[in-house]
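Listed next as structure tokens is one chain, alone, in the form predicted alone.
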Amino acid sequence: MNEALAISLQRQNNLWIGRFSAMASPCELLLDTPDETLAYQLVAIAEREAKRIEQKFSRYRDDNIIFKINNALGQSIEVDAETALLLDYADQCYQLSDGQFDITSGVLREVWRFDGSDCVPSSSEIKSVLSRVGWSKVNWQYSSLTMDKGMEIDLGGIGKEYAVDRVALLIRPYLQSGVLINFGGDLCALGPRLNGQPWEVAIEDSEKSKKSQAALVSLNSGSVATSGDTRRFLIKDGVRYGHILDPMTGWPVPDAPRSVTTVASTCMEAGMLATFAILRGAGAKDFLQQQEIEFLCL
């Protein structure tokens, strides 16, 4: 079993819990089955798929399609069907958010470094990078993408949720009982537990200095995603700067919630709604109420 070095599988509270790391996050599957062989098989499927997606779409690698796009120097790049699917989704998010969700905004990390320091960039530094931000400047027509030299795309805002949904799709045919997928706090429940009870998901209270529970979500099926900046921010002169940036201004979204958690049918949908809410700033709660979904806004 080649995956043995990357996967741990333990029996705890009548559950098999499989763990591995991917996409800079702890990943785990909770499997309500007595079958250890099946549990390991499903965790192995999840680990392979998560690592495949990470390798293909991470901006930290120099051997994948994202690197090829970001280093095309203004030339057109033909992409495969899966990449095109994610670019279409990103385009849809851009349109639905009136330009606030923008996968070209990752270059702002050149001036914003949320590293625990108090280094806030100047307006001129932000302005110099903003010229390279804007999905509207990108020529995307299935399956060809062209963008100006110096521009980049970053699928980090949708990659983890996509991985959860892909794993759910791949393991569903093998299921004999309920499974809970958890990739760094983005979750999907595939059926209830063997006793018919739902999975209980605790939502951390972002306002507390120590970990505490703000709410408990019960899931038989469906997904939960959280967006926020409770762990990545800067503080300078008493002002808090969250890491979620407005791509139109280059500055953190003003008056945004610390954390938004949403429940939806898929993880990508839940993640999209949570991120959209954060980008609405002070209007986050009103936006979520209009969606008629279950949510927690802190």
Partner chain sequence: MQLKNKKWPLIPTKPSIRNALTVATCTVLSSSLSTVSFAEEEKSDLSKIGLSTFFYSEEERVSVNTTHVAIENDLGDGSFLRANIIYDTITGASPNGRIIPAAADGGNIPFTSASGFSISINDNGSTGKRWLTEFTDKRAALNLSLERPITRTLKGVIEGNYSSENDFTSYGASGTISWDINQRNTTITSGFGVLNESVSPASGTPLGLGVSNCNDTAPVLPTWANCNITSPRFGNGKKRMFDGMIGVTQIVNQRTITQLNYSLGVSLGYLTDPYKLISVVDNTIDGEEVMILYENRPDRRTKHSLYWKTVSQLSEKKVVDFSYRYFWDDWGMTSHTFDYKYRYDYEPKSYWQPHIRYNLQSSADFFQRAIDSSIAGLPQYASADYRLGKLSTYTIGLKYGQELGVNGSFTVRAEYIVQSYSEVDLPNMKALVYQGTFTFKFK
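Positions refer to the first chain, counted from 1. All values derive from a computational prediction rather than experimental measurement.
Not pictured, yet referred to below: the form predicted in complex with the partner chain.
Novice: Report whether the minimum heavy atom distance between residue 85 and the partner chain in the predicted bound form is within 4.5 Å.
Specialist: Although the partner chain is absent here, residue 85 would touch it in the predicted bound form, with heavy atoms inside 4.5 Å.
Novice: Would residue 165 sit within 4.5 Å of the partner chain in the predicted bound form, counting heavy atoms only?
Specialist: Residue 165: yes, in contact with the partner chain in the predicted bound form.
Novice: Would you check, heavy atoms only and a 4.5 Å threshold, whether residue 255 touches the partner chain in the predicted bound form?
Specialist: No, residue 255 is distant from the partner.
Novice: Answer with yes or no whether residue 269 is in contact with the partner chain in the predicted bound form, where contact means some heavy atom within 4.5 Å.
Specialist: So residue 269 counts as contacting the partner chain.
Novice: Pick from 128-136, 193-201, 107-115, 165-173: which stretch has a heavy atom within 4.5 Å of the partner chain in the predicted bound form?
Specialist: Of the stretches listed, the one contacting the partner is 165-173.
Novice: Select from 82-106 the residues with a non-hydrogen atom within 4.5 Å of the partner chain in the predicted bound form and write them out in sequence order.
Specialist: Heavy-atom contacts within 4.5 Å come from 82, 85, 86, 89, 92, 93, 96.
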